[in-house]
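Encoded as structure tokens, the following chain is the form predicted on its own, with no partner shown.
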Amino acid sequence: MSSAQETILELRQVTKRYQTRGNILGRGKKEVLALNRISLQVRAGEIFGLVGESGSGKTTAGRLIVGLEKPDEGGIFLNGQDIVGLQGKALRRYRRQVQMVFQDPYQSFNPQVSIMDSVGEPLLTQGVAKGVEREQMVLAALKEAGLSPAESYAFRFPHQLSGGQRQRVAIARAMILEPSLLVADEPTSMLDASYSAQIFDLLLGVRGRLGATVLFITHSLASARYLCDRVAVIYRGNLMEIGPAQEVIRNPRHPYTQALLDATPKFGRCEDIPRFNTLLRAERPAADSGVGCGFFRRCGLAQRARCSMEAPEFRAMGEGHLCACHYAEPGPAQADQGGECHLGA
């Protein structure tokens, strides 16, 4: 695609911290480092995957990007414009360009509001359409999302739909303003495999029809490999590895990415697929100081004197493939995990 090399979204040294509540007397409060100096670029028209386990900071990054929260440090740029601190009309314009699909489609809807009004609400908020025109646009959006005939869904309520249907409605609501960037936060984590594949195809269609850029947040390497052009692997608020999805999954260089791949279920003829057998230490403290490598307490390759004090820089492992590890080295590609061996969900 012609616009693939243009950067639409950039995060520069973004840091986000939270404070725990502590006990009833307010004692024992701790600072949690959710994102630690995150920098990445998302190209226009691509599907970019942000991959990591629960608690890695994926959703926090998504919420910062759509403006639901503000970073403590760093900048977030859409088409070169810093969006941190936008207010009023500027924030409204930004939210027309950037929309989010949440993980739980039921919690993201008002149970007392019909599908017609839920999907059409952004049109009213942004002053795009009302009345008959709004209804026609809602019906068209539902049809595009695979809910047909749209009239049979428009005046139902969320509890009258299945989980997969609710997620299609959520995507219809997010896309009705035709945004340039869609943040999809684990959109299939509550769905079975067959319906997940349909949602993936729907997101691919959104990219193809509107030319929209998609930030796909997921814990599943299998989903990222199927859907994404590039991926970034994140662990406890620290980026570990970035690169083309196929390359990162076929030839992971960071010990954490290797551990994720080893833990992913596989099926088919996988006898020739090498396992990395990454040695993981049990140590996992409740809070991260933000000093050194974020993975060193669990990494079998780590040298405490260096890794606990010196944050690794991203180094090139191949074309467009970067890894933040002191001891990772470029190497020959591992056996392809495609063919007759497949990654499970």
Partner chain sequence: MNQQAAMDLRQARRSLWRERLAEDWRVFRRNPLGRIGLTLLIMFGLMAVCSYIPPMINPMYNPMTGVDPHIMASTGPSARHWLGTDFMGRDIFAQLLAGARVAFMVGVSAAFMAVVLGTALGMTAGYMGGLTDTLLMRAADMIMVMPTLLVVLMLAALFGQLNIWTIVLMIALFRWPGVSRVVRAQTLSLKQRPFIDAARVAGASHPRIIFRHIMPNVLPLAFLYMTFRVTSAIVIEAALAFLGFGDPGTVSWGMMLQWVWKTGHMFQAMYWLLPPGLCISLITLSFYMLGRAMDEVLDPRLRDETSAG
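Nothing here was measured: the structure is a model prediction, and the numbers come from that model. Positions refer to the first chain, counted from 1.
Although not depicted, the form predicted in complex with the partner chain is the subject of the following passage.
With the partner chain left out of view, the stretch that reaches within 4.5 Å of it through heavy atoms in the model of the complex is, among 72-80, 236-244, 208-216, 87-95, 87-95. Mapping the unseen interface onto this chain, residue 173 counts among the residues with a heavy atom inside 4.5 Å of the partner chain in the model of the complex. Residue 122 belongs to the set of residues with a heavy atom inside 4.5 Å of the partner chain in the model of the complex. Within 4.5 Å of some heavy atom of the partner chain in the model of the complex lies at least one heavy atom of residue 113. Among heavy atoms of residue 180, none comes within 4.5 Å of the partner chain in the model of the complex. Using a 4.5 Å cut-off to the partner chain in the model of the complex, each of 99, 108 and 139 places a heavy atom inside that distance.
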